[in-house]
Ligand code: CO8
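First, one chain by itself in structure tokens, the form predicted on its own.
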Amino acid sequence: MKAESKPTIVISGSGVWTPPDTITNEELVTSYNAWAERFNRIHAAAIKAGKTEEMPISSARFIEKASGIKSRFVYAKEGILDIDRMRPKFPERKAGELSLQAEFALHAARKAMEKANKSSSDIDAVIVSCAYTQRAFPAIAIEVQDALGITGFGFDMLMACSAATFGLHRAFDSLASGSAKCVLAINPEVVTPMVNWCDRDSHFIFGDISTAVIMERADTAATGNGFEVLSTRAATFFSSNIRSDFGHVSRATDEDPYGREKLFHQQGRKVFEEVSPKAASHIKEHLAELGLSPYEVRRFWLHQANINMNNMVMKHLFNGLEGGGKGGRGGRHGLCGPDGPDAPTIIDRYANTASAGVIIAFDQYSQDLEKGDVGIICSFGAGYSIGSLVLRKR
């Protein structure tokens, strides 16, 4: 009996939706410094006695140098900049209303569906993968499925900043196995509620956004363009250097569920030093499995956490390699120089959007690629987790 050939699986559309509000570094610093100065004034005696730590003052220059970030999109600007609140203010939605995260998801989903020329009847699976979901159940994915009128199945998954790539891995596996024919994978990243807006070293990192991707079998694709998925690869290594511990167990331990240690926090220097070489090695090994060199890659769509980390990943990736090739055509999008490999950065405008960053970069910097060009989407984040997809332009 002749073995059945594996189906060709493609990304046929992607979409990005941003909330209407933005906060610049200058706005953020003005608010934070006003809060910090008031805190230091109120606690002057305790600070002088060594009982309380003085809050450091920040600057827009500090933020940009540390991260490459200049601005970020947010869902609720006013509450974040209010020094009497220092956190977003979301209006409560009733059980019968569309949830906030489902609303985020729908905006991006419709953009991706339009680009892929897909209707709800064409899709039979919905995956919502992100850093946080606003509730445990019912799944946001099932709510989105219902709102779009999609039959089939849907589920949520959490994988921090690798949620988009790991979600696409699950989409790929479903398509390869035949359990689905067309998958809508969405990353509605509502991250700002988990940010400690009173922490100088992390308050500037995140923004809110939603992205979506349509992945399907090539024989159902309604457009002739898009990208063939050549391979997927994932790896995880346990580390507590990036944590967010907010959860229902806090109610049982009597700990403050909104305490400093329950919100997002990290040991940034350790993360930088440990993850950068791991990500570069992961990319090299993934490409090698396909008989490819990094020099044969036209574009690298990397996780958008920190511009310095991305530069270090690329440095590790090409360190000691010889040769050239199509990869040298790039460098037009802000990373690695005019003659170096092309790894576009969007973090300056969007900040870290958790898992969505790689999809923003892919969505905005993929249209100019030519048939046969190879690119790689690669995420890396808490866990540690690293996920990648090697793509070829159709």
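All residue numbers are counted from 1 along the displayed sequence. As the structure is a computational prediction, the values presented were derived from the model and not from experiment.
Same protein, other form: the form predicted in complex with this ligand, not shown, and the subject of what follows.
- In the model of the complex, at least one heavy atom of F272 sits within 4.5 Å of a heavy atom of this ligand.
- Within 4.5 Å of any heavy atom of this ligand in the model of the complex lies no heavy atom of H107.
- Looking at I63, you'd find a heavy atom of it within 4.5 angstroms of this ligand in the model of the complex.
- When contacts are judged by a 4.5 Å heavy atom cut-off, A351 does not count as touching this ligand in the model of the complex.
- From the list 179-187, 108-116, 153-161, 89-97, the contact stretch for this ligand in the model of the complex under a 4.5 Å heavy atom rule is 153-161.
- Annotated contacts: V16, Y75 and A102 are all free of this ligand in the model of the complex [non-hydrogen atom within 4.5 angstroms].
- With the partner omitted from this view, the residue of I205, A139, V229, L175 that lies near this ligand in the model of the complex is I205 [heavy atom within 4.5 Å].
- Checked against this ligand in the model of the complex, the candidates I127, V213, A131, I123 yield a single residue with a heavy atom inside 4.5 Å, and that residue is A131.
- Contacts between 174-206 and this ligand, taken as any heavy atom within 4.5 Å in the model of the complex, involve V191, M194, V195, R200, D201, H203, F204, I205, F206.
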